[in-house]
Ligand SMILES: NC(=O)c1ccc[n+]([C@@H]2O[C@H](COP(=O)([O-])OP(=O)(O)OC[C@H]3O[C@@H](n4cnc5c(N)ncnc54)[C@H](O)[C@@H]3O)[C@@H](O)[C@H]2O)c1
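This document starts with one chain, in the form predicted alone, laid out as structure tokens.
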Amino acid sequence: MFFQIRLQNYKKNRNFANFYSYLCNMLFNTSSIREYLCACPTGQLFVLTDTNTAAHCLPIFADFIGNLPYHLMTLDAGDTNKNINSVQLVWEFLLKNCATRQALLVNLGGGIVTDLGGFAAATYMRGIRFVNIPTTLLAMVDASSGGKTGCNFLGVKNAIGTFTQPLDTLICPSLLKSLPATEWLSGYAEMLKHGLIADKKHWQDLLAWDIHQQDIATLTPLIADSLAIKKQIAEADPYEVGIRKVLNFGHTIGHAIEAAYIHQGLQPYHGYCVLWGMVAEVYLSVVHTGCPREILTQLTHLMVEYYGKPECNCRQREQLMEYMMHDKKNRVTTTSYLQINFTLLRDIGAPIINQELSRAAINEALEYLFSI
């Protein structure tokens, strides 16, 4: 069955004693997305998947929509395909099938599909409507909401994109059943980030959740909490000029590691890279902003227990620094010197944006990360 979390209704229900019962009552049926699908003119419903989603999730979606006709496009899975060439393929798919501004694109997949499909929809004919149905834990708690769309370009993560909100984001926790443990861990890392930047209780709840069991019933309210944290921050700063930068915690170093892996032709899990980035950036926080060392100890334990450590040699460390120099959060100072920009922590729920550190300080954090 599909569940729908309507984010605009979540905040006022957040204190429900039995939130999971509330969530289970929000079945995704004739209301919600069916309204959008049935309202589409004939021939104007389009569905974008990747090869993983097509195998595991498309049959569930197809069964749900019944006889509604739609055009289907399936991309090759993997971050190496999150590029402008794939975006062009989506544009061609829409154009060849006579998509107009009345079209609706359903992005059924992980973060790559929702990011790339959202960007293609935002730019096709100056913008058509799109709905995100994330199929991985990572996409559910991060990529599918907040309005960021885009693709990688010249080795830089998400270098090209827009801020464009989906018509709706629909969460179906039961789709997680088909995921391997690595995908659960990837999404769990982004949830840990939300706890660290915003909410001690969420952080403690996540630490108490049994990773080995991978129980959807106990995870679903935690997904809702993570979504509520992201929604509150993103709505306060939709174009990431201020407080929304806290959501990039762990991503300055994490994205650099991810880009280095992709450059080697590897397919890293985004959440793993973010977790590694958070370890290094909590280290920076302990040294430079007085963050309690206990947080670093807890996060390092999780890394050792579940994620392992990234592989990196001395030459690649220089490459990591170059990738960080191209991070979207960087800014040029009055002396025209480009500074690498971090979000750090004073404590759980007390992030600090626009922290600029020396290369020596960053190298020290990388040394900690790679020597664990």
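It should be emphasised that the depicted structure is a prediction, and the values quoted were computed from it without experimental measurement. Sequential numbering from 1, following the sequence displayed.
The discussion below concerns the form predicted in complex with this ligand, not included here.
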Heavy atom distance at most 4.5 Å to this ligand in the predicted complex, all of His71, Leu89 and Leu167: no
Check whether Gln102 has any heavy atom within 4.5 Å of a heavy atom of this ligand in the predicted complex, and answer yes or no. no
Report whether the minimum heavy atom distance between Ser285 and this ligand in the predicted complex is within 4.5 Å. no
In the predicted complex, does Pro180 have a heavy atom within 4.5 Å of this ligand? yes
Using a 4.5 Å heavy atom cut-off, state whether Ile223 contacts this ligand in the predicted complex. no
Option touching this ligand, based on a heavy atom within 4.5 Å in the predicted complex, out of Ile295, Ala77, Ala260, Leu94: Ala77
Students should find that, of Met191, Ile197, Leu275, Ala143, the residue having a non-hydrogen atom no more than 4.5 angstroms from this ligand in the predicted complex is Ala143
Look at the stretches 54-62, 318-326, 37-45, 301-309 and give the one with heavy atoms within 4.5 Å of this ligand in the predicted complex. 54-62
Just to make sure I understand: among 123-144, which residues lie within 4.5 Å of this ligand in the predicted complex, judging by heavy atoms? Thr135, Thr136, Leu138, Ala139, Asp142, Ala143
